[in-house]
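Listed next as structure tokens is one chain, alone, in the form predicted on its own.
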Amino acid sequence: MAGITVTQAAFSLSDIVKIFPGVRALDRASLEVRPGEVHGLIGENGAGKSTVIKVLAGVCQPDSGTIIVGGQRIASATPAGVHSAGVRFIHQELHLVPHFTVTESVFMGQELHGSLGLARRKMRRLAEAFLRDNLGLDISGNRLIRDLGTAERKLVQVARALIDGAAKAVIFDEPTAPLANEEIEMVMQAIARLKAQGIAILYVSHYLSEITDICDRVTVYRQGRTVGVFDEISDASAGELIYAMIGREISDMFPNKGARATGEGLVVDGLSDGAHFDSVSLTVGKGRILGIAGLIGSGREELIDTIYGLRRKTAGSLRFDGETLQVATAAQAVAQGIVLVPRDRRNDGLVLPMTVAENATLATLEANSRAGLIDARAVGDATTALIDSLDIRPPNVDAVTRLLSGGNQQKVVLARWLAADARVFLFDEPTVGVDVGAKAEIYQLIEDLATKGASVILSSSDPVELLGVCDQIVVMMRGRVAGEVAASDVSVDNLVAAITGAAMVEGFANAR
């Protein structure tokens, strides 16, 4: 790697080593970010990205290595010292108080005072001007946080970090993870404005399309080491970046489709919820993977929730192997073998303070109980088998689920339903927020379910994912099925065209 001089870097970390008990999280890792550039940092979960950010923030001390901020070597970084040097952090989580105003949120902990107390009018004027001029958000300082969209809240979070005007470098950690597609552009435009002001930007994301769109240079970590620094980035760089991250080609991400079981499986007939979708009919045979594609508002998310019993249907029916299913609640769905791996695993799929064993066996407590009491040995044995089968890391039944990577958390949700011996699996955005390597593992697990005879529905906003995993794809638009196609008969471009409403896309069957 070609180095740069200290004066060229807004901050640099060189040969950083950080060892936790039993884990070498960083192994002589390096990172340099220059003023006025957007620098991407990518790598699989566990590659060391979060640890190097904590080292830079002064949250944890490295065992060895050099940290330089603003041309000055920092012997022992502290949060206060790094902040005073002009380094700011925009975390994935939105740490804002819902009933605070925009002004109160921007100036929280750094309020301005006048002769009569808080300078409320001045703070409001400054907050509104900063959001408008620096981040492109024209909004009243009296608006409540709870009334804002997610992207607007993210920009308020950015304004809070930068309002003092002393920022020289900003670290964005998965800034678009909670955002819808149409909201992401707001954040991207705000980052471009900061870059134009000469501020150094470190951009950490799992979304390679964002990395190739916005970043000037990219550093890649793997297993705690710096394995590459890419000085020229374009849309064509994705394959090289993936290879650097995981050591294999992008074509290897998706599993080979093997021999499958056959049978009628799940039939959705004329299903409606009275508000978001109407008269939807689908057939998902045993051993088949059906993809559901559609923009936000197309009804695909509500369709998945209704099949699982989270929303009440107003018309239609569900059958499996010719038998009518009564699904008015999630509990009824699970009892009849229909399970959901939800889009928001942290809030809807897991009890984060619980251990892996507790989460994995939530649906099978009766089977792992004796005389009304939980059999700890049975729970441990069952969870160990699931950990081995799904390659959950760390392979520890007592690991706290909150501390696992996104991909491994998703595996814990799947482990619960494997233990319950389900026959219909609903996957709603199963790879959101997980790294490329974990995606490949999840795709293989979905393929394995189909190979064993399960009926699988995969709802996703990623057309490449749908084409790589599914056998058949249904496109929804404005609450109805707009068309259906075999995954092998359509290109990415044609699928995107169908999702966005292009007429007469070749290969698609007529809308039902």
Partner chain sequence: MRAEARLSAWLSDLVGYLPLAILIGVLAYISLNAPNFLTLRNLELVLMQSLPVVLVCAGLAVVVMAGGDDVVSGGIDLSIPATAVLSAGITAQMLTLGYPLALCAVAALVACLVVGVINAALVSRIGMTPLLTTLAMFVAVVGVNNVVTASRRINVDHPWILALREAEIGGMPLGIVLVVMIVGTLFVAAHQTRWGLNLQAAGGSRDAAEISGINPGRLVGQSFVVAAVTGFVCGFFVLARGSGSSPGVQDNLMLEMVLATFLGAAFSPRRVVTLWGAVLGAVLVAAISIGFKSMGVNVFWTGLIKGSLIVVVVAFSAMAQRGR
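Computed from a predicted structure; not experimentally measured. Numbering follows the first chain given and starts at 1.
Absent from the display: the form predicted in complex with the partner chain. The rest refers to it.
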## Note on the structure
Among 435, 104, 302, 210, just one has a heavy atom within 4.5 Å of the partner chain in the model of the complex, namely 104
#### Entry: Listed residue (160, 88, 124, 195) with a non-hydrogen atom within 4.5 angstroms of the partner chain in the model of the complex
160
#### Entry: Contact of residue 325 with the partner chain in the model of the complex (heavy atom, 4.5 Å)
no
### Message
Is residue 100 part of the interface with the partner chain in the model of the complex - any heavy atom within 4.5 Å?
### Response
yes
### Contact label in the model of the complex: residue 275 to the partner chain, heavy atom within 4.5 Å
yes
### residue 164, heavy atom within 4.5 angstroms of the partner chain in the model of the complex
no
### Summary
The stretch from 386-394, 238-246, 168-176, 109-117 that lies within 4.5 Å of the partner chain in the model of the complex, judged by heavy atoms, is 109-117
